[in-house]
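Presented below, as structure tokens, is a lone chain in the form predicted on its own.
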């Protein structure tokens, strides 16, 4: 197996890692209450998904 002959500098290492960044999550608006929520998930505010009550708020 080939191994590196010399140590890679920090700047060279960081240039390679510069493209790994977390993507911002896509958000949608709940049609029932208008709260911002993740798509294809029940609304954490009102508990509705696809026009039906899924979660009950205590």
Partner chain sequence: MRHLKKGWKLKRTRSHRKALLRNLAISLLEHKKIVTTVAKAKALRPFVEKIITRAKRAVLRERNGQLPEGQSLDIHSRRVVGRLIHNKAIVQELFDTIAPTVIDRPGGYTRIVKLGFRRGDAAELAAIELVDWGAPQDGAVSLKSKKKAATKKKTTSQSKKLSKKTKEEPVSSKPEEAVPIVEHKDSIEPTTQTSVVEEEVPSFAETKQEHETHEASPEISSETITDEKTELENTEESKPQEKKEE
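Residue numbers count along the first chain shown, from 1. Here the structure is a predicted model, which means the values were calculated and not measured.
One more form of this protein, predicted in complex with the partner chain, exists but is not displayed; see below.
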Taking the partner chain as it sits in the model of the complex, is residue 5 near enough to touch it, meaning that at least one heavy atom pair lies within 4.5 angstroms?
no
Could you tell me if residue 27 has a non-hydrogen atom within 4.5 Å of the partner chain in the model of the complex?
no
Given that the partner chain is not shown alongside this chain, does residue 11 nevertheless sit within 4.5 Å of it in the model of the complex, heavy atom to heavy atom?
no
is_contact(residue 41, the partner chain) in the model of the complex, heavy atom dist at most 4.5 Å
yes
From first to last in sequence, which residues of 31-53 have any non-hydrogen atom within 4.5 angstroms of the partner chain in the model of the complex?
31, 32, 33, 38, 40, 41, 42, 45, 48, 49, 50, 51, 52, 53
